[in-house]
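What follows is one chain in structure tokens, specifically the form predicted alone.
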């Protein structure tokens, strides 16, 4: 008796979904990212306008002053959709866990001294509230934005900001022996310490911004590029003997800023290049929010490094980055 195993190649009747085929031209195989992103935005058959904003439909291109012929032009160079995003973040979280295990096993923060601990509590831990505000902003952009190519990465960014707030909180728990007292002190610093009031005012002002793309510029070129850069890069010297330890525990933030910047830069550059009107608006918004972030970061810079140089350096880097995207500042 012999057994013969044969294989049969079955040709699929179609390579992808109809709306993807219409956009790509012809029935061509599509990537998972394309199938999860292109033309997923609901555009018709809305039953009624929202009662809280009756001048707009639920998904409405008029919720920003910039105009795009196609909101699927600014595609994510990372090609993130739900699956790839979670795989990438799971790997990064494993690295975070290993770094925390290394620090806790050797009690590196405990050996830093009380003065350094106090410095971390007042100078680093309050930034978790800035991350939480950034989480709210990116979720708002996702809610008000248009086109899955932009809104999907925005909700991923919102989750990233929440994750970074949790990492900073975890540093606080290591500092205070899991009692949470350091987080209470950091909250009080966020609410009352002069060094943090500029950053707090800036992020709270952004909460009432209704133009979602202006908010996107404020968050990516203002908060992310200036304030977060100020604390995580320029403020590293303020942690003294714990500087390398803090850099290890906040490695996620450094990797994230580089990765997130590649995506947000594509969005800003693509939208600004659409028309002279878009360029003028986006340039105006970028200048306004970078200037405001620099002003907000000055007292924090003085508190961290003794002068305003860190705020100036972070803002100048943001301006250079904005000009590289074609903006006129």
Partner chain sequence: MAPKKLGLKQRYAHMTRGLDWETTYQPMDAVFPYDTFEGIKIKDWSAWEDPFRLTMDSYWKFQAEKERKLYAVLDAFAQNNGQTGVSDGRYINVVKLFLTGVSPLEYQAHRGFAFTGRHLRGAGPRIACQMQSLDELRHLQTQIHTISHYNKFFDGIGEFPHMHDRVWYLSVPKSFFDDARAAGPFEFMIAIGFAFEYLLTNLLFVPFMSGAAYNGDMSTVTFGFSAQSDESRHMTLGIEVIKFLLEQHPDNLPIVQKWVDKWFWRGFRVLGLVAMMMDYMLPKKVMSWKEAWEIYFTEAGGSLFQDLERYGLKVPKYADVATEAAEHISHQNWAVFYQYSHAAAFHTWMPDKEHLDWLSEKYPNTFDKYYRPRWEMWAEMEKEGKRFYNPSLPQLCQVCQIPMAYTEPGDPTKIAFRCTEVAGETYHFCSDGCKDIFDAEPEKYIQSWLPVHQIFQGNCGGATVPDVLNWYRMNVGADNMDYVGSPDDRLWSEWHAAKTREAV
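Computed from a predicted model, the values in this text were never measured in an experiment. Numbering follows the first chain given and starts at 1.
Not on display, but discussed next: the form predicted together with its partner chain.
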Would residue 35 count as a contact of its partner chain in the predicted complex, using a 4.5 angstroms cut-off between non-hydrogen atoms? yes
Contact test in the predicted complex: residue 242 vs its partner chain, heavy atoms, 4.5 Å: no
Closest heavy atom of residue 87 to its partner chain in the predicted complex, within 4.5 Å or not?
yes
| said: I'd like to check something about residue 70: if you look in the predicted complex, is any of its heavy atoms closer than or equal to 4.5 Å to a heavy atom of its partner chain? | reply: no
- With the partner absent here, would 309, 322 and 325 each sit within 4.5 Å of its partner chain in the predicted complex, counting heavy atoms only? no
For its partner chain in the predicted complex, the stretch among 106 to 114, 231 to 239, 217 to 225, 166 to 174 with residues bearing a heavy atom within 4.5 Å is 166 to 174
Residues in 178 to 209 that come within 4.5 Å of its partner chain in the predicted complex by at least one heavy atom, in order, are 178, 179, 180, 183, 184, 187, 190, 191, 197, 200, 201, 203, 204, 205, 207, 208
